[in-house]
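Take a look at this one chain, the form predicted alone, written out in structure tokens.
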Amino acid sequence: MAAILVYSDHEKLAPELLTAARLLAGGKGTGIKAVAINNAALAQDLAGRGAETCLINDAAILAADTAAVASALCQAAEKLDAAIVLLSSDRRGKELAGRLAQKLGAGSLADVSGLKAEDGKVQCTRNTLGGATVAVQQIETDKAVIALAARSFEAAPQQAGGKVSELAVAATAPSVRLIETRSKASEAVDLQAAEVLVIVGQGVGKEDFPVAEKIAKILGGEIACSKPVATDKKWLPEDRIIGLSGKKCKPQLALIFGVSGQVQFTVGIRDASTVVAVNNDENAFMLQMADYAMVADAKEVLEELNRALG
């Protein structure tokens, strides 16, 4: 198998891609190369995780210019003899996957949560039909560009054997001109990094949110919500949404109050290690998929749990 190349400009996602590449290689001697563009700190981090890392230093390549990044990665893939390129399936990564696949003449899939090499081809596990099913899809082309969903793999641990070397590419004429950058107005919460989530739905009143937030804080977690709570009722910011329209999370514990369990929501939380759901509707699908289910009034359970935690 030709080499596997990994790239993400997101410093938390790049180490996850490295783990995925190693699992895909399966110890068969397949070369794994990491690429960093204008980010020496990320290159050193990946090298510290045992990766042979190529650092591209060229101020003409802007991270926001996916056309320029795709051109640089195409050249890197050709120079490093890489047949498989793994990217992060964030907003920028998805666009980059399409652009790079076109340049390489490769098949491409995004939002992939599992990988397997089978008879020289790559089989990808991903959600389909809006998250209602999980499908295994195979890329038939000789080359593949795959964007992996966040937290599908653990970050590669620190280990010896990595190194950083510079790689020169010919930068294309920029199609984007960066005028200024502004921080997005948000709480900057990272739900995907939380080990505990307290999730509220429409079955919980706005007056109960302070209790839910207190419980989340006591447990060292974050409060999150279903889409209507943020978009319709506007009780919480949209960066707190779990599901197809928000974040896909993999916490150790998810405490879910007053959420019916539509597939658009459950796709974002079904990989949690332990799911506890409270709903007063015994037929709510959320109760069926939970590890522990309670048919009860969410408000009363929140108050009782708050008292128990002190």
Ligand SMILES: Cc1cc2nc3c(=O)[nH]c(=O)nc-3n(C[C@H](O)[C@H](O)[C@H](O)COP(=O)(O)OP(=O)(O)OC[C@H]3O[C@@H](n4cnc5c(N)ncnc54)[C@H](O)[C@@H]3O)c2cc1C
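Note that residue numbering begins at 1 and tracks the sequence as displayed. Since this is a predicted model, take the numbers as computed values, not measurements. The term rigid core refers to the maximal set of C-alpha atoms that superpose within 1.5 Å between the two forms.
Not on display, but discussed next: the form predicted together with this ligand.
Colleague: With this ligand left out here, work out from 257 to 265, 66 to 74, 25 to 33, 45 to 53 which stretch has heavy atoms within 4.5 Å of it in the predicted complex.
Modeller: Heavy-atom contact with the partner occurs in 257 to 265.
Colleague: Quick check on residue 245: any heavy atom within 4.5 Å of this ligand in the predicted complex?
Modeller: Residue 245: contacts this ligand in the predicted complex.
Colleague: According to a 4.5 angstroms non-hydrogen atom cut-off, is residue 296 in contact with this ligand in the predicted complex?
Modeller: Within the cut-off, so yes.
Colleague: Examine residue 269 and determine whether its closest non-hydrogen atom to this ligand in the predicted complex is within 4.5 angstroms.
Modeller: Contact with this ligand, no.
Colleague: Within a 4.5 Å heavy atom cut-off, is residue 151 in contact with this ligand in the predicted complex?
Modeller: Outside the cut-off, so no.
Colleague: With this ligand left out of view, which of 125, 202, 192, 172 would have a heavy atom within 4.5 Å of it in the predicted complex?
Modeller: Exactly one listed residue reaches within 4.5 Å, namely 202.
Colleague: Name the single residue among 227, 92, 143, 214 that comes within 4.5 Å of this ligand in the predicted complex, judging by heavy atoms.
Modeller: Only one listed residue qualifies here, and that residue is 227.
Colleague: With the core lined up, does the C-alpha of residue 72 move 2 Å or more between this form and the one not shown?
Modeller: For residue 72, whose C-alpha is compared between this form and the one not shown after core superposition, the shift is less than 2 Å.
Colleague: Does residue 37 show a Cα shift reaching 2 Å between this form and the one not shown after rigid-core superposition?
Modeller: After core superposition, the C-alpha of residue 37 moves less than 2 Å between this form and the one not shown.
Colleague: Relative to the superposed rigid core, does the CA atom of residue 281 travel 2 Å or more between this form and the one not shown?
Modeller: Yes, shifts by 2 Å or more.
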